[in-house]
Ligand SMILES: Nc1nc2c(ncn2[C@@H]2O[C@H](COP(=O)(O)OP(=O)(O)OP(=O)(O)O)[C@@H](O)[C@H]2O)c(=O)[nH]1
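The chain that follows stands alone, in the form predicted alone, written as structure tokens.
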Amino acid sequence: MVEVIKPKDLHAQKTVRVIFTGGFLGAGKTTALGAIAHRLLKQGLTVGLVTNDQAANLVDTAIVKELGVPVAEIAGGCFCCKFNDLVDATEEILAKNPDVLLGEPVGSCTDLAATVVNPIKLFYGDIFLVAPFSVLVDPQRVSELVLKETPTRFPEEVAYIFQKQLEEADIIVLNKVDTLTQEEAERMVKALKELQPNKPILKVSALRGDGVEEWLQMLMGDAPAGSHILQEIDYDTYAKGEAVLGWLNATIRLTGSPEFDASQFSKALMSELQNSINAHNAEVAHLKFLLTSGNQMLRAHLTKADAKPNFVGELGKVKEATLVLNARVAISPEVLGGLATQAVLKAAKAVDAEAEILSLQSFSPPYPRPPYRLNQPVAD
């Protein structure tokens, strides 16, 4: 029998509720956790949050900091493969004495029930109450990968990750129902129930607030957490599904002479990115960017190469702005880095702005090697 070496001890002044929320790239996890955090804060509870990505400089981290709650970021791998870093980040948040800790894993990861949720219960069940593991799904992915009503450019290995995420969920959350008719939403719920008949499936609009209260009540209840450990998972297929995606994180400084139209720049940048990605017949898992100037911000999201992008916030003419760009696209990292650089430079030129690239990382995720994996759920 292999000896399981426990990570470092953690200490808390009280029992802390832990809520992990998974889901594929672009499912709206950050917006959803923001909606949850707002409601918890209104109830007088204190909240901490841990974000996660394969590299630093995240749009998500910048957004959640606006909540005014303690935030820690884990870069360089998913929670499952960076479990000790997750423990360190959790310790950092526990020092702030939260009532609830929210965790958002990387959207291309699966097998989290076995490698994160249950190890947390095993090692730290004395200080944590772990909530049921939610997996958010985007209607576009349901249409594409479940109903097969829209074509996909993703290889089967990417669809495999999506399937496994649904299998390990305690709760499946169909997000963004504000983009659907009632009939469309019910049809998607029915399709998900046929795939996962023994699980609650909720209809939620994290952006508008629909269904969030019901979801939060389930998360704060005493239902089992991590009860659907994957008994069959092919890590080679899983690794290929991650590796087929090029990941890009970049930070750019934009300067006008003396000003430039930030809104116009954002639309030009998204158009340039979409045109280039479609020219390569590539697919977008999630493309997002955040443009900030002073206390104002504008963010943009795209979850399918030929879809209409979503812009949130307003920015007019500004002297300077900072752009944080995150792209997850089924294309080689080298090509992604080149087309993103060209798109930024062209969009800047279109609005008579200067663009200085402060940092840019473009890569494919490494093979997932979690230090802990439990084959059976830990009792609550």
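Values in this document were obtained by computation on a predicted structure and should not be read as measured data. Position 1 is the first residue in the sequence shown; the rest follow in order.
Heads up, the form predicted together with the ligand isn't pictured, but that's what we're talking about next.
Taking the partner from the other structure, the ligand in the model of the complex has no heavy atom within 4.5 Å of any heavy atom of Gln140. The ligand in the model of the complex comes within 4.5 Å of a heavy atom belonging to Asp178. In the model of the complex, none of the heavy atoms of Thr322 sits within 4.5 Å of a heavy atom of the ligand. Interface membership of Gly26, defined by any non-hydrogen atom within 4.5 Å of the ligand in the model of the complex, is confirmed. Contact with the ligand in the model of the complex, judged by any heavy atom within 4.5 Å, is made by just one of Ser293, Gln274, Asn310, Ser263: Asn310. Residue-level contacts in the model of the complex: of His301, Lys199, Lys121, His280, one residue has a heavy atom within 4.5 Å of the ligand, and it is His301. The candidate stretches are 263 to 271, 285 to 293, 125 to 133, 233 to 241, and the one lying within 4.5 Å of the ligand in the model of the complex by heavy atoms is 285 to 293. Annotation for 217 to 247: no interface residues with the ligand in the model of the complex [heavy atom within 4.5 Å].
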